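Next up is one chain by itself, shown in structure tokens, the form predicted on its own.
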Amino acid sequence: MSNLSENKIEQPVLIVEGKLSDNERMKEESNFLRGTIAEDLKDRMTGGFTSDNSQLIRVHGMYQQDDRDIRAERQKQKLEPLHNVMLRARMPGGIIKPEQWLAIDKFADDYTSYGSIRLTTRQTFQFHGVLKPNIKLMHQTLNKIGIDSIATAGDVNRNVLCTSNPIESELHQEAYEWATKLSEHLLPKSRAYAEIWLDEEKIETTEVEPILGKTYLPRKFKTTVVIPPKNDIDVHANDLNFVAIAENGKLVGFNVLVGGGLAMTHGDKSTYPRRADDFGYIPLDKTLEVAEAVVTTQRDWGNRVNRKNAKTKYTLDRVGIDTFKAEVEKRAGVIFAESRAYEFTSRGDSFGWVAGIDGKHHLSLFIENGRILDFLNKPLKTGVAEIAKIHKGDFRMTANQNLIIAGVAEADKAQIEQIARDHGLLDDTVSSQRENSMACVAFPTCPLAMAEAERYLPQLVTDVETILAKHDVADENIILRVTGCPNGCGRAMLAEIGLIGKGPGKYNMYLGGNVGGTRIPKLYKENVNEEGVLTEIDTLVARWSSERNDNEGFGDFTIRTKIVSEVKISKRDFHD
């Protein structure tokens, strides 16, 4: 007699049962993201916010931080940490006008502890070190120039990225407009931001969040629009991606990629970075419906019990890709067509001047670590401000922490280039290796950092340049990224060499990503110190130089020669 249980088809677990995480309680009680932030803001006995409010201000675009370089000294003096906030602006597609730039430049000078503007991998800018008395002024200053920071952090859809491509200007404009529409469509509808920071009068009405829900999303959510063949926004780092499909230079629709994400937790094998899956092609008129359907499916099915497994990538792996896709089709009223052909052949940004098809010119500037500040003999911040005073086009912040001076007339090229060179913004001696290296902020401001990243990267790149020259590959480059913790901000989990902070001066070393950004790297060495990192890179580059096939990238070489095994399915392969 057959055992019926053996023939039973296992059904996907759509809802994770169990005690909800405390963040769910906090969002439930927040009164649509208000909490007691307004009252907390008036309390000058502390420079920080209370526990719940320190989480809620994230949805308003801020993270509570402190200067970790002086934390121990303040403890000795029986002082609380020097609390401040980092603000991340909402800039869909990363486009900012010169007059807006001059306003944020002045605010950075007058009201931030570091005086810098930080370009981020989320294609926007950040202020670091804003003290409590200046927070409301910061939001009101931004509002006056048409900028806000709504939903750039927290359990919501964050700043929507878009390819910075300045050459195909008409196609880029269409893609940028969709990035803006997606950002607006998926924003929280709560008026908490306007009431708290802009002093707008509270309207007595019943609030609803038709897309995000009363307790918002289970975890952060990231969306992009990308124009092949350049994967300059790293689609596989994001929950939802719209890959532009063009015919005769006009946008006709998108391939939709769902379920990418790079964050993980050291020592927790239930967490892992993951590529996004291609659901198929949709016409333009279904874009917002599909975006909403993906978000609401994740809203309803995402894990609200364990935040470490709450991202869209884990929902797809738990319920099954086909089940998730079918639900999106049902909610959006669309059937995905077969994906249109496309290929990613490069990442990063192309530097120097390029001419657009509209007759305008665009100058891409390399900004190491995205940190715009007046350094010794390199006054970058002053230089960008001087350009902003005369520039008639716009600026485009890239997802690789760089800056494009876009829409420059032929007659203005020489003057803008001269200002850039005079201020160290344009430097012909910068190597392709430096241009293809990136780090997150880490110390001293990020509370999650375990090791240095931004402050470590410049010397690390110099040492790698020396190693490349030693092995006769100085004209080559390796996509190198460093993060201070495993949360994914510097996108090291899509690098050919990714270093993830494990402790002071110690890193886990991952190898095997590729140039197109479509492969997750795999752990090669654990808990390596800075000297050991260079020793390993030296050994690996020596092999790459002598044993590689023609035009074989470093990451592809490490896979072919089985230095590391290929990660094809993250849930199965990443930790094996």
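Heads up: residue numbers just count along the shown sequence, starting at 1. These numbers come from a predicted model, not from an experiment.
Just so you know, the form predicted together with a small molecule exists too; it's not on screen, but the next bit is about it.
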Quiz item: Would residue 227 show up as a contact with the small molecule in the model of the complex if we use heavy atoms at 4.5 Å?
Solution: no
Quiz item: At the 4.5 Å heavy atom threshold, is residue 448 in contact with the small molecule in the model of the complex?
Solution: yes
Quiz item: Does residue 347 reach the small molecule in the model of the complex if we count a contact as any heavy atom within 4.5 Å?
Solution: no
Self-check item: residue 192: touches the small molecule in the model of the complex, heavy atom cutoff 4.5 angstroms
Solution: no
Quiz item: Okay, which stretch from 488-496, 280-288, 317-325, 136-144 lines the small molecule in the model of the complex, with non-hydrogen atoms inside 4.5 Å?
Solution: 488-496
Quiz prompt | Candidate from 34, 519, 58, 522 lying within 4.5 Å of the small molecule in the model of the complex - any heavy atom | solution = 58
Quiz item: 275, 506, 360, 220: which sits within 4.5 Å of the small molecule in the model of the complex by any heavy atom?
Solution: 220
